[in-house]
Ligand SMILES: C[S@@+](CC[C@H](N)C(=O)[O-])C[C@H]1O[C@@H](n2cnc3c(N)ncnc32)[C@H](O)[C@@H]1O
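The chain that follows stands alone, in the form predicted on its own, written as structure tokens.
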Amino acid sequence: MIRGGFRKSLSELIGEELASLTPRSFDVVGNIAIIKLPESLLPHKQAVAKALMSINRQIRTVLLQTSNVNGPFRLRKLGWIGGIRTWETVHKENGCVFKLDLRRVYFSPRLSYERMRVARQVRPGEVIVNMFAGVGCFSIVISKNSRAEKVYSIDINPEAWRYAKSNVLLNRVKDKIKVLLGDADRIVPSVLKGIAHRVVMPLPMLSDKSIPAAVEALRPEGGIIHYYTHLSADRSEVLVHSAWIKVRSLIGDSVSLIDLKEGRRVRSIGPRQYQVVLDIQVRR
């Protein structure tokens, strides 16, 4: 988050009026800070980087985000504006470490709470399918913080798959995680059908179309689906209800009974734009 010390430091470099235009927050992944800037501050981006590093000794590199997350690999454009010129780092979270290159893979430190929240629900002996695993964050946090029997960690991005395999070794969970490269909608029906007690779907842009595969992954008696989605709303209190109506229509008649165990707003992603998660109990 942006602290008063940052704006004070930046004010000394570019003046109070311009410093007041800095965004309200930024991400820190490992020792890399990622920040978005309005056009008026772009001529002063090096000063912004200098101020960030001066108030947080953890930050050794500052990257400027110049595009939204998009594409099948969930990538964003990141330009170097200060510190050590690198895009690779090691991020620590929930007793786990994740090595990654921010140009090549998707990672959000803002989902740290969610990863542990899901891990704490896992019961001993569960088999879990993570349909959009990235560099293995949900999969590894679950494996390190529960007594899950096996986690199948799928991603379509070859770079994410490579980092996930490395992170599994770094976190010493090789016996508990199987890392798979490919499209989860194809992998699940062909090799993972009917095996999961729990399915994690942490990619809102693909979750809707992949609901049928998530249901197929569940054991014959059913299980839990952690479904993430993006919604627009004028009032955040209607989000869970709106998401529940949507997911019920997506599942349709493919199962006999679904219940909402829990729903919550995960975070704001823009003006009246939110990420929401539903923990769905599916019974056949």
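A residue's number is simply how far along the shown sequence it sits, counting from 1. Here the structure is a predicted model, which is why all the values come from computation and not from measurement.
Missing here is the form predicted in complex with the named molecule; even so, the following discussion is about that form.
For the three marked residues, Trp87, Arg103 and Ala164, no heavy atom of any sits within 4.5 Å of the named molecule in the predicted complex. Listed stretches are 106 to 114, 121 to 129, 165 to 173, 76 to 84; the contact stretch with the named molecule in the predicted complex is 106 to 114, by a heavy atom cutoff of 4.5 Å. Shown alone here, Asp208 lies farther than 4.5 Å from the named molecule in the predicted complex, counting heavy atoms only. Although the partner is absent here, Asp183 lies within 4.5 Å of the named molecule in the predicted complex, judged by heavy atoms. Although the partner is absent here, Ala148 lies well away from the named molecule in the predicted complex, with no heavy atom inside 4.5 Å. Looking at Leu192, you'd find every heavy atom of it more than 4.5 angstroms from the named molecule in the predicted complex. Of the candidates Ile177, Cys137, Ala214, Ala196, Cys137 is the one whose heavy atoms come within 4.5 Å of the named molecule in the predicted complex; the others do not. Contacts to the named molecule in the predicted complex (heavy atom within 4.5 Å) from stretch 201 to 240: Pro202, Leu203, Leu206.
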